[in-house]
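The chain below stands alone and is given in C-alpha cells; this is the form predicted on its own.
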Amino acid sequence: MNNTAGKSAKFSLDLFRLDGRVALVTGAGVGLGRVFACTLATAGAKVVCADIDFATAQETVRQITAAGGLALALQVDVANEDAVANMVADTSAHFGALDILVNNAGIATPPLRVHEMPVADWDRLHRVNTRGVFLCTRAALPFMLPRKKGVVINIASIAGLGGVSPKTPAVAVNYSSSKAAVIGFTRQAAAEYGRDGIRFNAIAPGWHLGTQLGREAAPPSEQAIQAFAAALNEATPMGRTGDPEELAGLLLYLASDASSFVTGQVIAHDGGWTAW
C-alpha cells in the first residue's frame, strides 16, 4: 500500500520558494554564511543575519536590502547561552516566527597534530562549533514545535566524514571531531523530531576557497597557496576546488518544501573528494 499523505499533487518550482518564512543564519557576516543568508533572501525569506562581528552582519543585511529583501542584523556569540536565547527571541519578536535555522557559525584553529595541540585550542573550538550548534538548536525548537514545522540545516564538513591527510595541512583534530559531532547531532535530532514536523539535515562542504576558516593560521606565502591549491585540485575527482556560491542550490533545496521528505541526511558537496 502506498502512503500518499505527504505527497503534493504536482511538482512546481514554487516548492523552492520561501516567501513568508523567517530564516536565521549564524556566522552570516562572511564566507559561506553570507552566501546562505543572501540565498534564502533571494528565495523570499526574511533573514536574520547573526554574527559575533556585528559590522559584517550589517554588511550582509545591506546587500540583502539593496536587492529588495528583508533582513535584520544581530550580534551573537553562539557559545553564550543567554546571547543565543536573546537572538532567537529577537528573531521571533521582529519577524513573528522562526521557520529555518542554519547553524553555520564555526572556527578553525592552527592545524597542529594531536600531541602538539594546546588544550585551550581544543576547548575554544568545541565551544563554538559543537556547543554553539546545540545552544542555537535548543533555543530555536520551542519556537518551531507549536507550529509542527521547521527546518534546521547544520554545516558540517568532509573532515567530519573521514580523516584528512597531513599532506593537506589545513584541518586539525579538534575541527574534524567537532564536525563529526555535528553530523551525529543532526541524525539524532532528526530521529527525535521527525514526528513534530521538524527536519534536520547537514551539509558537508569540501574544499571551498574564499571562506574565513583559515584566518587564525599564519598567512602563507603565495607559493605555498599555489602549491596547496594544486594539491587539492589533484586530489579532487572534478579537478578543482569549489566556490562558496555553488552551495546555494543545495542549501535552498534543504530549506524548502522541495526536500519535504528529507531528514537526517548528510550531503557532501565536495567535487567527489569522498568518492575516492
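Numbers follow the displayed sequence, beginning with 1. Here the structure is a predicted model, which means the values were calculated and not measured.
As for the form predicted together with a small molecule, it is not shown, yet the points below apply to it.
With a cut-off of 4.5 Å between heavy atoms, is I155 one of the residues that contacts the small molecule in the predicted bound form? I155 belongs to the contact set for the small molecule.
So in the predicted bound form, does any heavy atom of I107 sit within 4.5 Å of the small molecule? The answer is yes: I107 has a heavy atom within 4.5 Å of the small molecule.
Any of the heavy atoms of D77 lying within 4.5 Å of the small molecule in the predicted bound form? The answer is yes: D77 has a heavy atom within 4.5 Å of the small molecule.
Any of the heavy atoms of D53 lying within 4.5 Å of the small molecule in the predicted bound form? Output for D53 is yes: heavy atoms within 4.5 Å of the small molecule.
Looking at 222 to 230, 63 to 71, 41 to 49, 25 to 33, which one sits within 4.5 Å of the small molecule in the predicted bound form if you count heavy atoms only? Among the listed stretches, the partner-contacting one is 25 to 33.
Proximity to the small molecule in the predicted bound form, single hit among I183, V128, A85, V173 (heavy atom within 4.5 Å): Spelling it out, the residue with a heavy atom inside the cut-off is V128.
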